[in-house]
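In the form predicted alone, a lone chain appears below as C-alpha cells.
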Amino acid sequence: MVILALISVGLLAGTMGTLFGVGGGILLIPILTIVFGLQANEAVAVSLVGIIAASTGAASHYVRINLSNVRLGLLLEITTSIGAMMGAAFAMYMENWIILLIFGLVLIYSAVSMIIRKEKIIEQPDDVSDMCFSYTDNKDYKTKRYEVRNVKGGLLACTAAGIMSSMAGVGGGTIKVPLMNIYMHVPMKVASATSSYMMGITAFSGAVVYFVHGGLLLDYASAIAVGAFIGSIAGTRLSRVLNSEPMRKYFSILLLIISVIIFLRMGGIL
C-alpha cells in the first residue's frame, strides 16, 4: 500500500510539475514530510529523483515540438548545476526547520513575482540578435518570435536557483520559470518547457551528492520516480490546452498554498 501511495503521489507531482515547469518538488516535499514522516533532507533527496524522472518524460515531448529552448537551457545549466552540487552539500548538515524555511520563502517570492509583474515578451521580427528564437503556440498554431535578454544576469541568478533546488528539493523551477519569464523576457510556455528540460540535469547534480553521502532512500525514490514519469506525460498533454496568462495565475496560487503548508509544518502544527 505504501508503494502504491508513493506512485500516486509521484503521478500527481509529475503532472503538476510538468504543467508548470517546477518539477513537482513543491508537492513532493510537503507530502513526504507530513504524510510519510520523512525528515526534510530525506524528502529532498527522494524529490530530486522524482524530478529527474519527470524531466525525462516531459523533455522528450517539449523538445520534439520545439517548445523547449534547448540552447538557452544548456547555457543556464552551466551555473545551475554548479549551484545544485553546492546546495546538496550544504543541506546534508543543515537543520530540518532551516530547509523548510528556505523552501517556504522561495515559494512566496516566486508567487508574488508572478502576480505583481506582467509577462514580458520582446518580439523581434528580424534576426538582429543571436538570442532571437521562435516557437509555435500550440493554442492557435501560430509561430511567435521572442528575444532573450539579460543573459549574464540570468546565469548568475541560476547559480542561486541551483543552490535552492538541492537544498529544497524543487528542481529550481520555482525560481527559473519566473526568472526566464520576468527577467529574461521568455514567453511563459517556453519558460515552463525549458525549465522542465533543465531540471533533470539540475536534480541529477544534487541527487548524486545525496546518494554518495547515503542520504537517499532508494525504495521511496524508485516508487516516486515511476509515478512522476507517468505524470509528466499527462502534464505535457494538459499544457496543450492552457493559455499562458491563466498558467501564471494557477502557478502563483499553487505556490502560495504550498508555502502555507510548509510554514505550518515548520511550526509543528502539521
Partner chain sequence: MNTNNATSTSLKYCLLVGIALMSAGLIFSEYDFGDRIMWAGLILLLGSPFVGVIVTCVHLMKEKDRKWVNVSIVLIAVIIAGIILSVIR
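In this text, rigid core is short for the largest set of C-alphas that superpose within 1.5 Å between two forms. Source: prediction; values computed, not measured. Positions refer to the first chain, counted from 1.
The form predicted together with the partner chain is left out here; the points below concern that form.
- This chain is drawn without the partner chain; in the predicted bound form, the residue among 108, 160, 82, 102 with a heavy atom within 4.5 Å of it is 82.
- Using a 4.5 angstroms threshold between heavy atoms, residue 63 counts as touching the partner chain in the predicted bound form.
- Taking the partner from elsewhere, residue 30 is found to have every heavy atom lying beyond 4.5 Å of the partner chain in the predicted bound form.
- Contact annotation: residue 115 falls outside 4.5 Å of the partner chain in the predicted bound form, judged by heavy atom distances.
- The partner chain in the predicted bound form is not approached by residue 146, whose heavy atoms all lie more than 4.5 angstroms from it.
- Counting a residue when any of its non-hydrogen atoms is within 4.5 Å of the partner chain in the predicted bound form, the hits in 197-221 run 197, 200, 201, 204, 205, 207, 208, 209, 211, 212, 213, 216, 218, 219, 221.
- With the core held fixed between this form and the one not shown, residue 70 has its Cα displaced by under 2 Å.
- Fitting the two forms on the rigid core leaves the C-alpha of residue 229 displaced by under 2 angstroms between this form and the one not shown.
- Positional change of residue 84 between this form and the one not shown reaches 2 Å or more at the C-alpha, relative to the superposed core.
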